[in-house]
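Only one chain is shown below, in structure tokens, and it's the form predicted on its own.
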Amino acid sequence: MWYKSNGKDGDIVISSRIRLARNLKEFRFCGKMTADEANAIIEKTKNALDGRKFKFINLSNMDKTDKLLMLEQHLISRELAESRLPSGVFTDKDNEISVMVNEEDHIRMQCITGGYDLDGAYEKLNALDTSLEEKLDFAFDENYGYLTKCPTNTGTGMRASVMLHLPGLAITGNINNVIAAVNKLGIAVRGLYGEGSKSAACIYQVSNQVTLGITEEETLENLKNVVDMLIEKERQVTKALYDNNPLQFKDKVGRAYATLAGAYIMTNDEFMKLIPYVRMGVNMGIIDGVDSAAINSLIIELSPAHVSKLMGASNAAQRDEKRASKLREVLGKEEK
């Protein structure tokens, strides 16, 4: 899984993602489609992917918890999870590439990698897009580019995004000013699960807003310029927090670590409030024995649906108990 690796600039960058929106020329957009048309698109996509090692997951009859688990892993979107049309997702064996069918658009393919690697994600997804375009007739206009249900995606149909951990900027109250500044550059800053979601654990998704009148390469370059600035700014702010009062900084990190490593009941809200301090402590060498990739895994795997499905918790109280047990195990305080 992408979140289990600690890639380039892993102290700040959790993941890089490229997403392409495509529609089939012979079908109406999803808002006007029938169930029969939706099923036909699934079949056409399956045939186009023939020969590639993708697993198809039918979402139409899947229960809510299973859908939320995939959403927490960022394999599908909230829109696809809530779709009333026949829908599904094709995933590769590493869950790095997924192809969502009948979300807002007929096809939304994405590649997500650990760390800062927009170019690598783009190269992999561009190869898949080229392969699919040889077999599927995408809706394309010579003047406007790829046609999408929402006009804001028309053009390249590409959303490039980087998931950043920005606790220094959030703790110091500078994050709102930063968001306002990058918005003026045509870059959006959203929460943990993208559009319409709030930040959790001081994690933000930074992505392009413009898709029309700009090339994919220009989009990547513009986004990387902003991300590079945010990485530098976050490191500066975190260092200043430490330099201004090392004892207070270590105390906040130590208290957060002690609570997470020693608790027997841990709610998701409390976990999300404390884990940024632990991640900062790991990256600054204050906490030994765990790396930032392990923290990334905890953020995903201790989300509600994961705890319910993979740890067998049937209610909120059991989730809080099992979440605490996993934290004691990973952070080294589990009783023998």
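All residue numbers refer to positions in the sequence shown, first residue = 1. No experiment lies behind these values; they were computed from the predicted model shown.
Just so it is clear, the following notes concern the form predicted together with a further copy of the same chain, a form of the same protein that is not shown.
Though the partner is left out of this view, Thr211 does not reach within 4.5 Å of a further copy of the same chain in the predicted complex, counting heavy atoms only.
Heavy atoms of Glu270 reach within 4.5 Å of a further copy of the same chain in the predicted complex, making it an interface residue. Not displayed here, a further copy of the same chain is kept clear of Thr91 by more than 4.5 Å at the level of heavy atoms in the predicted complex.
Although the partner is absent here, Ala35 sits far enough away that none of its heavy atoms falls within 4.5 Å of a further copy of the same chain in the predicted complex. In summary, the region of this chain contacting a further copy of the same chain in the predicted complex, judged by heavy atoms within 4.5 Å and restricted to 113 to 121, 261 to 269, 220 to 228, 170 to 178, corresponds to 261 to 269.
Contact annotation for the candidate site: Asn47, Leu68 and Glu133 all lie away from a further copy of the same chain in the predicted complex (no heavy atom within 4.5 Å). Asp251 is the sole member of Asp243, Asp251, Asp141, Glu232 with a non-hydrogen atom lying within 4.5 angstroms of a further copy of the same chain in the predicted complex. Of the listed positions (Ala294, Ile286, Ala40, Ile300), a single one reaches within 4.5 angstroms of a further copy of the same chain by any non-hydrogen atom in the predicted complex, namely Ile286.
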